[in-house]
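So this first bit is one chain, no partners, the form predicted on its own, shown in structure tokens.
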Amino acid sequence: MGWASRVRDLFQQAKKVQPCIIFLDEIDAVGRQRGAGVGGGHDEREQTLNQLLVEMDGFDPKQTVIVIAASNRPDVLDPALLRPGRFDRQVVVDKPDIKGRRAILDIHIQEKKIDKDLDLDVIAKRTPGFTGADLANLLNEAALMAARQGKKIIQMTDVEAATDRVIAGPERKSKAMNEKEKEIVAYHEVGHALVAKFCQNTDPVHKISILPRGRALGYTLQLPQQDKYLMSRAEIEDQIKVLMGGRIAEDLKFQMITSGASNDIERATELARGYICNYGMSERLGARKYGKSQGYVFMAKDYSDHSKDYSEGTAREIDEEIRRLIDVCYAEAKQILIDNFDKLEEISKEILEKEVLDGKDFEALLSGVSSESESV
């Protein structure tokens, strides 16, 4: 039995037992836009989509069969699916905000034994951008970490360790760095953190680590104090400065730069390009979008490149403006680290001993108060 005949059979069964709800998960698997010219009009996917359109179009108003579908790629669906009488109502299920994350944590914590001091409000605040599945995975990881240490309850330290694992990847104990590399990574990460501290439009530093995790040799974790949905020009500029801080710290301390900043440079370039080409924030190039979104093969798109909707002269201006923006941010970040080079030295030496500094330790070192004296 082909898939088209299965769709026909499905609707026939639904009509026999109405009232009935038909739920189609991952509708984009069969509902992608037609007319790519690859495989003609007789491939099985198109036949399945055509049968689905026919069945939904032929509904009797007296029938009580409701069709619901889910997809995380609504942009690729065939327009015929979204016309009135078919899927004419779209409900966007976005990532949860802090209240949503708190409610989701309440659900996933019910069957777990937790420490009475475990603060779910703090966990919700520290997990911006996490989906429900991410939060479930976070608590499962915390439970596994607690079990490995012989604990019978999940403590806040387990959730913190699980958050690091989910965000940055598992700790790579087998990846041993020599002392020189470890020192370079320490200055690199503290460079990020110091620039973040002295820029006005950045999120607070939550943790600095020089323990290898995932593909990273170290990381600086910043967490927002509240959920954000928009970025200002100043925030993007400060993000670029923070990304440049690691490379600058290496240069100032060792008079050399390493390949460790490759991901920072890539992300800074993407931010600068978005600043100029997508958000219209460049005074020189004005408030217009440069470049069109790329189409997808097999979705009524051809193979030619129509994404470049500007001249070669404008392309040169865009390159120059990206370079200028990054250079300006680089210079300002460098001045921050020159002005605070003593703190760069002090905090880097501290993290070389401890390997991990949390936000409180970082702030204490900046203010000249030792973390030990604070805890007494």
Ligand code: NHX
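When you see a residue number, it is the position in the sequence shown, counting from 1. The structure presented is a predicted model; accordingly, all values stated were derived computationally and were not measured.
There is another form of the same protein, the form predicted together with this ligand; it is not shown, and what comes next is about it.
None of the heavy atoms of S232 is located within 4.5 Å of this ligand in the predicted complex. This ligand is not shown here, and in the predicted complex it never comes within 4.5 Å of any heavy atom of G132. Contact between L211 and this ligand in the predicted complex is not found at the 4.5 Å heavy atom cutoff. Of the heavy atoms in F198, none are within 4.5 Å of this ligand in the predicted complex.
Proximity to this ligand in the predicted complex, taken as heavy atoms within 4.5 Å, picks out 214-222 from the listed stretches 214-222, 81-89, 97-105, 137-145. D264 is the sole member of D238, D203, E160, D264 with a non-hydrogen atom within 4.5 Å of this ligand in the predicted complex. Relative to this ligand in the predicted complex, residues R126, P128 and D164 are all farther than 4.5 Å at every heavy atom.
Contact residues in stretch 186-205 (any heavy atom within 4.5 Å of this ligand, taken in the predicted complex) are H188, E189, H192.
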